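The form predicted alone is given below as one chain in structure tokens.
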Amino acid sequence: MDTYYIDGEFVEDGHAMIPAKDITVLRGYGVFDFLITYNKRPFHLDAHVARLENSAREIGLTLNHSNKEISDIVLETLERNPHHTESNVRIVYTGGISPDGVTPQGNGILMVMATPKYELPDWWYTDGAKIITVDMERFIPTSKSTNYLSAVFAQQKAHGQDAIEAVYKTKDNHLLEGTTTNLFCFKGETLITPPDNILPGITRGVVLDLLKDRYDIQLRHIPEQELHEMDEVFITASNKEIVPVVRIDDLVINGGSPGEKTKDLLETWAGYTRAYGLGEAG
């Protein structure tokens, strides 16, 4: 049985409840963030909590907890789940109860849920995966809000095409980000990733820092038609980490195999996260 933090109390997961009239339930108005642990150490917790705060600011949601209070609650929640080898951590701040069912009143609920880390298929990393593109953009993309209708719709479309992710595409056919991932492309010795209108991924930021001295990094828009010129493609996310992409819609990337630069990054990432879990990397 897992233990969650809900509105000032630690409860068993089966007893975790929020009011049915909360506008997160009624309107999808709320924010969340997600991270995993390495050696039971939450990965860049401060950055995730800061992003939660920014997400709330972007949609006008008042948080009644400081960043430190939220971080401390996350750490205590993890301590109350010692049976986890590693954990997934979801931090949620709801919109609260509103008299008219739509206007926030600054009475949102903080929830922290720790569950055992879900292991993804090994073949994603050894063989590479397929993703698709969708003609769709997220509302307020810089906020990680609980309104995930576009993501659910896009993921259903992806799964229907045997893909693991869907990447949003603008009306000008510029690629943005996946439903839960950030997008990267190698073109020669240049690493390219979209600059804006995306959620600033924590894993994305670490990857950029790890590779800043190895490659020319370009933060710029990626036209869909330029994908034919890309040598390697990969996606990043807190739960997925680094996933090589070998097919985008009907386009085969790098002959259908993960590229050498991406495989080298996977090794670099594994070393970094091992060190992070030991407190030797920040």
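Numbers for residues come from their place in the sequence shown, where the first is 1. Quick caveat: nothing in here was measured; it's all calculated off a predicted structure.
Omitted here: the form predicted in complex with a small molecule. The next part is about that form.
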message: On the criterion of a non-hydrogen atom at 4.5 angstroms or closer, are W123, V243 and K261 all touching the small molecule in the model of the complex?
response: no
- prompt: If you check T133, T193, T179, N81 against the small molecule in the model of the complex, which one has a heavy atom within 4.5 Å?
  reply: T179
query: Is L175 one of the residues lying within 4.5 Å of the small molecule in the model of the complex, judged by heavy atom distances?
result: no
- prompt: Would V112 show up as a contact with the small molecule in the model of the complex if we use heavy atoms at 4.5 Å?
  reply: no
field: Interface membership of H44, the small molecule in the model of the complex, 4.5 Å heavy atom rule
entry: no
- prompt: For K169, is any heavy atom within 4.5 Å of the small molecule in the model of the complex, or not?
  reply: no
field: Listed range touching the small molecule, judged in the model of the complex by heavy atoms within 4.5 Å, from 224-232, 244-252, 64-72, 44-52
entry: 44-52
